[in-house]
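Quick heads-up: it's one chain on its own, the form predicted on its own, in structure tokens.
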């Protein structure tokens, strides 16, 4: 509970109307997009400038108050849920695109800018910002940086951290600092920019970012391949990459996801297919044409029953919508939808898909799978009901086994959603005890009193490793 004196100081820092304490306001900031996690903060503050962020952190540091920074709250690992009490620091008012530098091919923007708004702004001048997380119409750049978010174009273009050249941030005790900049080359000291990207709000508060832009690709070509054998679709992914073709998008949907999407948005998808691959290539038109033709040939050689080519931009959008609607379509089936992102090397896609199916059957659960197959980043998604405690227990057991299976195949517990609170008991499975110790020491150097996003990344107790037996 915050004292009247502390609340008065916060109101003085950000303005009376931007320090919220009503029950309704606290409830609105008590959760993010992760099911099963919700706790009330003591106050919500919405600063407008980096200096106001610094003032809030100085107050929090002086009184050892936990601070939970957030943007749109689209996090899927409970990374922005307050751990109980403390201050939610919402950066949504810091939503200005400050500069699009066409000479240096950079954009400078505040942390609260919606990702899709940046896309529109840079594309209007013929430039391209590749990261396109599924939540891009509502997620913010600051949240993308904190999670190093990926997206459908990650296979060819990488993730958010590959595009952050510089940033402005505030330390836990309220000091403002800058790291990186517009220099293409800069090896002055430790690379703080890369360290902070993906740190999930545990090291500092990022308020501005300088992002790398690319020229807009000349052309796009899109295709859809239909399979009646899910493992054949998974094998095809590995073969496309082995053929040294890197599409900008290579997405996978299983039968359950196909039927859910078709039932929701009626795109004319083949509901009897075991799996679909959605493929998009961009670049010079002649290269796109050659790559898509070769990919179509590989799909047929691996057993695709049909390969469709989009004839115009409207048809391309229709096909890509099928993937973008996957999560919202599945979420209609039951009250609670739990989306995970176990990731494996691309060569292990087929065995990972088979493992997810086996585990779903073992625990008698409705788990559909879609995802960024070209990255090996799959999204096994369980439709359940959090009111059914017995079923939720089976869901937790199943996902623990899915994480263990991914690690045994050389993968990881998360490819793009982050660890947050939800997957913190599994982090040591991936990085080991020495890795945990090093990460905790880094955290202590940035935030000695542990006020920034406590309860995230590091669990009080690591879960016992599941042994997968087929």
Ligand SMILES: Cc1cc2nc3c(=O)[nH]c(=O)nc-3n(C[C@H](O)[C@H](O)[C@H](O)COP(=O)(O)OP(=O)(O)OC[C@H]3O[C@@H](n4cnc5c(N)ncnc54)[C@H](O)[C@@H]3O)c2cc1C
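Residue numbers count along the first chain shown, from 1. Just so it is clear, the model here is predicted, and its values are computed rather than measured.
Only in words, not in the display: the form predicted together with the named molecule, which the text now covers.
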Task: Contact residue in the model of the complex, from 72, 310, 127, 359 (heavy atom within 4.5 Å of the named molecule) - done: 72
Open item on the list: So the named molecule isn't shown here. In the model of the complex, which residue out of 223, 179, 398, 149 has a non-hydrogen atom within 4.5 Å of it?
Closed with: 149
Open item on the list: If we define contact as a non-hydrogen atom of the residue within 4.5 angstroms of the partner, is residue 46 a contact of the named molecule in the model of the complex?
Closed with: no
- [ ] State yes or no: in the model of the complex, is some non-hydrogen atom of residue 327 no more than 4.5 angstroms from a non-hydrogen atom of the named molecule?
- [x] yes
Task: Contact test in the model of the complex: residue 380 vs the named molecule, heavy atoms, 4.5 Å - done: no
Task: Residue contact check: residue 371 to the named molecule in the model of the complex, 4.5 Å heavy atom - done: no
Task: Interface stretch in the model of the complex with the named molecule - options 212-220, 199-207, 276-284, 292-300, non-hydrogen atom within 4.5 Å - done: 199-207
TODO: Enumerate the residues of 444-458 that have a non-hydrogen atom within 4.5 Å of the named molecule in the model of the complex, in sequence order, or give none.
DONE: 453
